[in-house]
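First comes one chain, alone, set out as structure tokens in the form predicted on its own.
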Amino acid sequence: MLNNIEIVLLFILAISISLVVFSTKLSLQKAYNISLITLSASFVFLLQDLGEIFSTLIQKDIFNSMLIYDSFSLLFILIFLLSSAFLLLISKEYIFDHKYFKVESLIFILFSVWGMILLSMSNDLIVAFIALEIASMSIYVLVGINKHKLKSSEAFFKYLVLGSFMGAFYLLGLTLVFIQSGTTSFIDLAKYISTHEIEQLYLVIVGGLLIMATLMFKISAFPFYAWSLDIYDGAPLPITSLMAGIFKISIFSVILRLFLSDYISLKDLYDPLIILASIFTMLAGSFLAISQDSIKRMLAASSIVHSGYLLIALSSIATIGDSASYSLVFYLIAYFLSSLGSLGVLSMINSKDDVTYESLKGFASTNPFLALMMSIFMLSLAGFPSSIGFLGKFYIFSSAIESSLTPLAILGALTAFISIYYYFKVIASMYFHKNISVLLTYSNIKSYIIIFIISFLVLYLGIGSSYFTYLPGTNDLTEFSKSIINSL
């Protein structure tokens, strides 16, 4: 396992490289290469810890136990680094083809990833807020990077105002928790909650609700979901991938740590709220996704539905604990692969206008490879058998049934059935209509390779591993999910 000093130096290195990028002598190509090398090298550097069960406080005396490096945070750090590197590789032609992507854009991508890493390692409410704002502020800027497009500027303004407003909720909740418990540390707060009666925890409970509201906003859960469509739509496609796939996973990393370590003893109070949020999030997201003509807006709306599925697992944790936690982690991996792949395919389409169902008609005849890859990702997002998305939904719905939340599982299955309409509509447009598509695609071979790798993982981790028993597969991923939860 890496020692604490090496972990701290890794963060310092990431910041230093980001600051070097400010040099006016650095071209976009050089900045791109530095960013990609940094993310890839960091991933390889941390990969040696994979498979170990460990938990250590980073420089306890210096950081006062505010940062923790364990098997749980390692998984999320690896996901952030790998997915960000994949994102840059897939979107290379998109980035260099659009003039509004400057050297500074890559700085903010690095800072956003660094904020997500810090968020997954947070062991204190204050550090979690700082990490959340580092990631959020970077994404605010990236959303509005195309300042010549009204839709992009509008998305930036909306996200900045709403995000800042919800950040105030977090600070108010943190203040209430500190006033009553005298601490913001996850470890000390867990001890305080477990040793006091509920009548002595009113401020801690209300503070937890306010913090939950901020985190629900970040994952586009009900009733804080309405902003996501316009903001995801206004952002450039690579940034939409960053928000919908990678950033959302980072929020669940801190939700899981906070819920499992601190607020699990108050499950009877919070569970009904999580269940209600899950129900309305799935329903609202489904209705929004059905009504969209833009593929990008449809995927943004469907990401709301997937947040609802994840909330099903979160609500099940209160009853069956570890089993539901494993399903949530597994589904996060499944969603990350499918979402990154589908939005990655869109970013490989050289279209000056938005990609719609209409413009995709006949796309399979002009680019059969990308059409096949997109079909695989759509099938996985819909939960079609043989894909990793199917197993993810199966584990979540099974956890709900096991925890006596059968009606919630049935509703989840119903919304998954509804999703077949808008996901399969993409496939139908590409394959079952005459060739009217005039969409051109970028020809970067690295992008095609990464898309193929992601689609292979989607299928291999779904059903393929049963045919190659001598290779690591789904069972190993499930066992790994269990082990990282145990590290908490």
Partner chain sequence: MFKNYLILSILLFSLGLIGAVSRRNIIIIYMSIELMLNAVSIMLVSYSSFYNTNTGVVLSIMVTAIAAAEAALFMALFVTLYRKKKSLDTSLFNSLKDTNATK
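As the structure is a computational prediction, the values presented were derived from the model and not from experiment. Residue numbers count along the first chain shown, from 1.
One more form of this protein, predicted in complex with the partner chain, exists but is not displayed; see below.
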Identify whether the partner chain in the model of the complex is within 4.5 Å of every residue in the set L174, F178 and G234, based on non-hydrogen atoms.
yes
E133, E104, E93, D188 - the one with a heavy atom within 4.5 Å of the partner chain in the model of the complex
E133
Testing 148 to 156, 247 to 255, 335 to 343, 72 to 80 against the partner chain in the model of the complex with a 4.5 Å heavy atom criterion leaves exactly one stretch, namely 148 to 156
Using a 4.5 angstroms cut-off on non-hydrogen atoms, would S291 count as touching the partner chain in the model of the complex?
yes
Taking any heavy atom pair closer than or equal to 4.5 Å as contact, tell me whether F129 reaches the partner chain in the model of the complex.
yes
With a 4.5 Å heavy atom cut-off, would you call S164 a contact of the partner chain in the model of the complex?
yes
Evaluate L229 for contact with the partner chain in the model of the complex, applying a 4.5 angstroms cut-off between non-hydrogen atoms, and reply yes or no.
yes
